[in-house]
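Take a look at this single chain in structure tokens; it is the form predicted alone.
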Amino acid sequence: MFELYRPGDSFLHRMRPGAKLLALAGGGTAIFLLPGLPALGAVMLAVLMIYGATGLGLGAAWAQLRPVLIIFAVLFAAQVFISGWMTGAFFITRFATLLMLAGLLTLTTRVSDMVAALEHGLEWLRPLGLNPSKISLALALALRFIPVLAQITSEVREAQRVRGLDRSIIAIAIPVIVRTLRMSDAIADAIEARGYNPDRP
């Protein structure tokens, strides 16, 4: 589950990790600056076309959204209640597009390449007393953990639904927290076993 990379030979697979990170940052910023739902819908369509062009397919795009559908439903209902359905649709479409855009990065970039790109880009922080290696690893792990945590939550919810506990927040939250902590320990052990030393030049 830690490595979400899907091998391929598309233009996005061949693109440098640093360029993809900059494109994600720029695209995410642009999405928040779009004025209305039609423009946002056009961007979402373009992102879906990129999924097709890279060989990932629409199934991969759907996989980025499926674990958070319940959250989207709650947020949409809240926005409809406060501001109307147009605002709710705009809000959900924007975040769905952002998730799919981030998915393009994680599905076409190896973890090691992403860490190396982040470390190189953050090298200017070293004179300030900050270690770029630690920061880049933390950011890369955070990017990977988002879909993994969504998948864990989905699995726990399905298991608790069989027991009739799917409506209990506590019954879902506690197993998710326990599984997340166990996975964190496993990843920490794996990093240590490989001799990773962020303080080594």
Partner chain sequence: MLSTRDIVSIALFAALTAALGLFPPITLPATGVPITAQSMGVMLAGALIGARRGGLALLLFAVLVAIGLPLLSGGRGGIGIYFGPTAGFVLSWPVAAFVTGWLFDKHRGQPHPALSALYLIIGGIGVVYVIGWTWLAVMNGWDVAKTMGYALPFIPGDLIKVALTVVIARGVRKAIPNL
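Residue numbers count along the first chain shown, from 1. As the structure is a prediction and not an experimental result, all values here were calculated from the model. Here, rigid core means the biggest group of C-alpha atoms that superpose within 1.5 Å across both forms.
A second form of this protein, the form predicted together with the partner chain, is not displayed here; the remarks below concern that form.
> Using a 4.5 Å cut on heavy atoms, which of A159, L58, A42, A173 is close to the partner chain in the predicted bound form?
By the 4.5 Å heavy-atom cutoff, the listed residue in contact is A173.
> Wondering, does L33 line up within 4.5 Å of the partner chain in the predicted bound form on heavy atoms?
No, no contact at 4.5 Å.
> Does K134 make contact with the partner chain in the predicted bound form, using a 4.5 Å heavy atom cut-off?
Output for K134 is yes: heavy atoms within 4.5 Å of the partner chain.
> Does the 4.5 Å heavy atom contact test between A142 and the partner chain in the predicted bound form come out positive?
A142: contacts the partner chain in the predicted bound form.
> Residue-level question: is G164 within 4.5 Å of the partner chain in the predicted bound form, judged on heavy atoms?
G164: no contact with the partner chain in the predicted bound form.
> The partner chain in the predicted bound form: within 4.5 Å of a heavy atom of each of I82, A138 and D185?
Judged in the predicted bound form, I82, A138 and D185 all sit within 4.5 Å of the partner chain.
> Judged by heavy atom distances of 4.5 Å or less, which residues of 40-79 approach the partner chain in the predicted bound form?
Those in contact are P67, V68, I71, F72, L75, A78, Q79.
> Superposing on the rigid core, I want to see if T54 changes position between the shown form and the other one - specifically a Cα shift of 2 Å or more.
No, T54 moves less than 2 Å.
> Taking the rigid core as the frame, does H13 move its C-alpha by 2 Å or more between the shown form and the other one?
Shift of 2 Å or more: no.
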